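Below you'll find only one chain, the form predicted on its own, shown as C-alpha cells.
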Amino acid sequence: MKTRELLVVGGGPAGLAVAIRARQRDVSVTVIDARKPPIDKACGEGLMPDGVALLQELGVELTAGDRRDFVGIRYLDGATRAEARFPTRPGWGVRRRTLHQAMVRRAEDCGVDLRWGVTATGYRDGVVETREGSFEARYVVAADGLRSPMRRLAGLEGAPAKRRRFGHRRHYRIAPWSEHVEVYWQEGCEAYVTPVAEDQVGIAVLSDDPGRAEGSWLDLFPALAERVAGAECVSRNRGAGPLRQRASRVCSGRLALVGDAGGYLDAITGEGLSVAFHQAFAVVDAIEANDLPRYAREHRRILRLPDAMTGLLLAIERRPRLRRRVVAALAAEPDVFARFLAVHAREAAPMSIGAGGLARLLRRVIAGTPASGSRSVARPVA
C-alpha cells in the first residue's frame, strides 16, 4: 500500500473534475469507482454558462455534435410563457454518458490513475478499504454521489429530510424546438426539456411521487406530450432520489466531500454540475494549500446563492396559486427575469437585480398579473 497525494472515490463528473484539476496543479491522483465507464445517471443534462467555462478550463473537449447550446430558460405555466436569455454566453445541453466519456478521455490524457470496478468498503482517516486492498492518500475526496457510501462510512451522514422529491429522465429522438431549456409547471411536479443534440431532447420530471412512471407523468403535461407524440424514445427511464440529502459537515480529518456527496437540496434550478465543478476547483486549491478547512468555508460560499435560489423556487413550487402569479409576473417584467437569470448563472451580482425591479415584480405578484395569453421575452442583461 503506497501513499498517494490524492485519492478520489467516485469517477463521475464531480470526481473526474477534481482529478483533472489536481493533475493541472501537478498533484498525483488515483480515482476509484465501483462502476465502469461510461457512467450514466438521472440528470437534467443542462450545464449552466459558468459550468461550461470551468469545463473548458479543465480542457474537456466536446464537439458541436456532442452537445447543443441553449441560450436561456423558458417557463411555461398553462397559457403563460416567460423567458430570459443568458447575458454573455450559452449553456450546454449534453447527454450524461457523452460528458462522462469526454471527461474520462481528458483524465487519461492528464495522467490520472483510473481504477474502475473498485468498491469502497471501509474508511479510516486517509485510508479507503476495498476488496482489492487498501488505498492510502494524504487527502481523500469523496465524490460518490447523492447516496454517498463514503459519507456514511466516514460518519458524516446528516439528518434525513422531511420532504422527499424524486427525479425521472428519458430522451426522445426529435429535433429541439426551442433554443431554451423549457420548464413546464404543474401541480406537484415540473418537467424540464433540454436540447442535448441536433436530433434529441432530454425530458426530466421532478415530483414528490417516487413511483410515477414515464407514461403517467408525461400525461400531466399535454402540450409537452403533444410535442413528442410519435417520437422514438432512445433511453430507458432513469430515476434518482430522494433528492434532499444532508451531510453533517463536508470535511473530516483528511477527507472532503464534493458534489452531491456533500449534500444536495434539489434539482429545481439545474445547477448540480456547475456547483460540483466549482467545488472541485475549491477543494484542489485547499489541498494545494494544505488547508482542508479552507474548502469547508468555500463550500458554504459556493452554495449560498444556489441554495437560496433553490429554496425560493421550492417554496413557490409548493403553492400553485403563488407559482402562477410569479410566472405571470416574470412574463410581464422580462428585464427583471433576465437579471435573475444573470445572477443565477453567476454572471452578475445579486445587487444588479435592483430594488426597483424587485418592487415591480412583487407588486405584480401581489396584484395577480393576468396570466391568460401572457408571453414576454427578456433581452440579455448588458
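Keep in mind that this is a model prediction, so the values were computed, not measured. When you see a residue number, it is the position in the sequence shown, counting from 1.
This next part talks about the form predicted in complex with a small molecule, which is not shown.
*Could you spot which one of L55, I39, L341, V327 gets a heavy atom to within 4.5 Å of the small molecule in the model of the complex?*
Only one option qualifies, and that one is I39.
*Which one, A34, A348, V27, L314, lies within 4.5 Å of the small molecule in the model of the complex by heavy atoms?*
Here the answer is residue option A34.
*Choose one stretch from 283-291, 236-244, 299-307, 71-79: the one whose residues place a heavy atom within 4.5 angstroms of the small molecule in the model of the complex.*
Result for this chain: 236-244.
_Whether I20, G111 and V140 all lie within 4.5 angstroms of the small molecule in the model of the complex by heavy atom_ = Per the other structure, none of I20, G111 and V140 touch the small molecule.
*Although the small molecule is absent from this view, report whether P176 comes within 4.5 Å of it in the model of the complex, heavy atoms only.*
Close contact is absent here: in the model of the complex, P176 is far from the small molecule, nothing within 4.5 Å, heavy atoms only.
_Residue-level question: is T119 within 4.5 Å of the small molecule in the model of the complex, judged on heavy atoms?_
Judged by the heavy-atom cut-off of 4.5 Å, T119 is in contact with the small molecule in the model of the complex.
_4.5 Å heavy atom contact, P210 and the small molecule in the model of the complex_ = No, P210 is distant from the partner.
*Indicate whether the small molecule has at least one heavy atom within 4.5 Å of a heavy atom of L224 in the model of the complex.*
So L224 does not count as contacting the small molecule.
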